[in-house]
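There is one chain below, alone, in structure tokens, taken in the form predicted on its own.
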């Protein structure tokens, strides 16, 4: 029993060390000559535009359901006029970035983990290394940067569509006009609602890209490891997003909202 616990602790610290080394390789290769700009643009297209449909659908449904679920409770207190304010603040501050990032973790991190895992298993990455190419710069740096750039943009699109979904939910329940709804929505927002959420979505994007690449690169021999890499990438990215969000909420409460 003690030996098993010792081995697990050893494996944990070894994995942490490997991740730290992987992060160091990423930052070292950003500034090396021969950066693959074309591959970065291609990954931005694959990660951003190819994920836009599911993000927009999720955002719309999120705003629609949040409005319908909130209306009955607020009507009991005669405060249904505050629905647009509540929806917009909830979406921009917290729900939009977290839910969108979790959706991206399920789609993007799994895809990167499976793609790089299959390349690792079929020794394509080793072939690139032997031929003189830089697999970290070509495969890892471009994907992590693409996730870091595109996930915040996807969050913004999801936030905007969530407000539209909230208006549809309000109008379905026989609520206010579009002009009044959006006027109330934007009048309740301030810069401190937008900026911290945007910053943490950048870290969410970096986490999604890093975890997907790390799990793919660490895939063992055998086709089974490709599925394991994809599954573990989703789980690890989702857990890290929740942890980072908890830390971000505490820091925002201390340095922004309590001022």
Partner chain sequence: MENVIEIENLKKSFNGSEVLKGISLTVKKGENLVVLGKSGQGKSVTIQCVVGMIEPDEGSIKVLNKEINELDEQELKDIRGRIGFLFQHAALYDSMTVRENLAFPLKRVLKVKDEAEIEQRSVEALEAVGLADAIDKMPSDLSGGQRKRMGLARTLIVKPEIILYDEPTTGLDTITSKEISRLILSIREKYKASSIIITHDMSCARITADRIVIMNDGKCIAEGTYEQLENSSDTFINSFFKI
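As the structure is a computational prediction, the values presented were derived from the model and not from experiment. Numbering follows the first chain given and starts at 1.
Separately, the form predicted together with its partner chain exists; it is not shown, and the next lines address it.
- Contact with its partner chain in the predicted bound form, defined as a heavy atom within 4.5 Å, is made by none of 94, 171 and 184.
- Only one of the listed residues (180, 89, 153, 128) places a non-hydrogen atom within 4.5 angstroms of its partner chain in the predicted bound form, and that residue is 128.
- Contact check for residue 224: no non-hydrogen atom falls within 4.5 Å of its partner chain in the predicted bound form.
- The closest heavy atom approach of residue 110 to its partner chain in the predicted bound form falls outside 4.5 Å.
- A residue is said to contact a partner when one of its heavy atoms sits within 4.5 Å of a partner heavy atom; residue 157 fails this definition for its partner chain in the predicted bound form, lying far away.
- Put simply, residue 50 is far from its partner chain in the predicted bound form: not one heavy atom of it is within 4.5 Å.
- Of the stretches 68-76, 158-166, 185-193, 119-127, only 119-127 has residues with a heavy atom within 4.5 Å of its partner chain in the predicted bound form.
- Although its partner chain is not shown here, in the predicted bound form the stretch 131-152 places heavy atoms of 131, 132, 133, 134, 138 within 4.5 Å of it, in sequence order.
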